[in-house]
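The chain below stands alone, shown as structure tokens; this is the form predicted on its own.
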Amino acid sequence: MNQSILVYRGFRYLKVAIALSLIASLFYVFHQPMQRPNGGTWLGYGLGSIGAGLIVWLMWFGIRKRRYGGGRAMVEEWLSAHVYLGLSLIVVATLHSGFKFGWNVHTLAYVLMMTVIGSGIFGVYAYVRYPTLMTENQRGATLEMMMGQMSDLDRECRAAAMGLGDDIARLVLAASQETCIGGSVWRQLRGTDPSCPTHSALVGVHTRAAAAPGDHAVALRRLVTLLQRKDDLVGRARRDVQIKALLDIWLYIHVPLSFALLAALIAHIVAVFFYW
């Protein structure tokens, strides 16, 4: 997914969403019910029906986008409609409620809808922006390739550390065996490790190289160069994992919230028609 879904066919679905919002707003402004505007008037029922239909249709996108027979253009069209018509729900559902809110299932459905829309806005930003960030961060190398390069550098570092003393050997060995990419959800999302063994080794060897004499300093500086290359790879690998984790965790939030919204919508409709 890229920016094409936002500008699809000259902003076709943005125009549709704006038109829908304007029409709903005009009806609301000129509607004069006997009581304060609410979801129980003919306009409230009409806007409610449109809103409920949009919610069901938008959830259908989750199924429709997995049918690739229509090609990339079809998926982009559906996704563009999903984005803009989803935003139009803010206007349609708010006018449907007549700005009446309380501690009930009706307001719960509204709050869940706004939460789903909010997570959807983040999802649009993420899927438009993050692929570019990922490409820039990877610099032509996949995560698997970066891990392979780190393994090669570990071997070079261990070889370069031979004869430089036990303290240097311990730092290099810790950098080789204890550096972690990924891990818990929190570590993936954080994207950094303040106690990273590779960075600690780099700082330790660099400090010793600055004070070392002659040939010993030359050997230490060579090791510093290798550790700097690995430290850069570790940072890029963690950033790659972080971006992927942000995309994944958004789906883990957006999809369950959508089903919670559907359940609340059903409860809202049942309550209106059977208990109102």
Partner chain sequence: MESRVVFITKRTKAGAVSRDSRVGADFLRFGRSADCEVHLPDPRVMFLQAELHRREAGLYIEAIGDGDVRLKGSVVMTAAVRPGDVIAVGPYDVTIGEPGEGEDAAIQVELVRPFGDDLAQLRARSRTSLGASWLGKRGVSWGLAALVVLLFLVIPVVAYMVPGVREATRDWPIKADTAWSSGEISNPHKFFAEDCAVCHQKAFVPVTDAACTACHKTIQQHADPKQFAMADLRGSGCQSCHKEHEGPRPIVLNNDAFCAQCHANLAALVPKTTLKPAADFGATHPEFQPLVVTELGAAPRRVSLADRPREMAGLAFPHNKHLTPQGVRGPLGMTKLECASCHQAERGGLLMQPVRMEAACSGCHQLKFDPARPDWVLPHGRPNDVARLVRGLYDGLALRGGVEEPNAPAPVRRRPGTPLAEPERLEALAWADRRAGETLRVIFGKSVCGTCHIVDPPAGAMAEWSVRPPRIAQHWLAKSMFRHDRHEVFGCDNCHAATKSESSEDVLIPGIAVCRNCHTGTTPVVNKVSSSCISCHGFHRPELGPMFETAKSGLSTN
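Residue numbers count along the first chain shown, from 1. Throughout, rigid core stands for the largest set of C-alpha atoms superposing within 1.5 Å between the two forms. Just so you know, these numbers come straight off a predicted model, no measurement behind them.
Another form exists, predicted together with the partner chain; not displayed. Remarks below refer to it.
M162 is the sole member of M162, V111, I121, M74 with a non-hydrogen atom within 4.5 Å of the partner chain in the predicted complex. Heavy atoms of I23 never reach within 4.5 Å of the partner chain in the predicted complex, leaving it off the interface.
Taking the partner from the other structure, the partner chain in the predicted complex has no heavy atom within 4.5 Å of any heavy atom of V56. Within this chain, R36 lines the site of the partner chain in the predicted complex, having a heavy atom no more than 4.5 Å away. Remark: T179 counts among the residues lining the partner chain in the predicted complex, judged by a heavy atom distance of 4.5 Å or less. The three residues D248, V255 and F259 all sit with a heavy atom within 4.5 Å of the partner chain in the predicted complex. Stretch 140-148 is the answer when you ask which of 202-210, 140-148, 127-135, 84-92 has residues with heavy atoms within 4.5 Å of the partner chain in the predicted complex.
In sequence order, K100, W103, N104, V105, H106, L108 are the residues of 86-123 having a heavy atom within 4.5 Å of the partner chain in the predicted complex; the partner itself is omitted from this view. In the core-superposed comparison between this form and the one not shown, the C-alpha atom of I50 has shifted by less than 2 angstroms.
After superposition on the rigid core, the Cα atom of I249 is displaced by 2 Å or more between this form and the one not shown.
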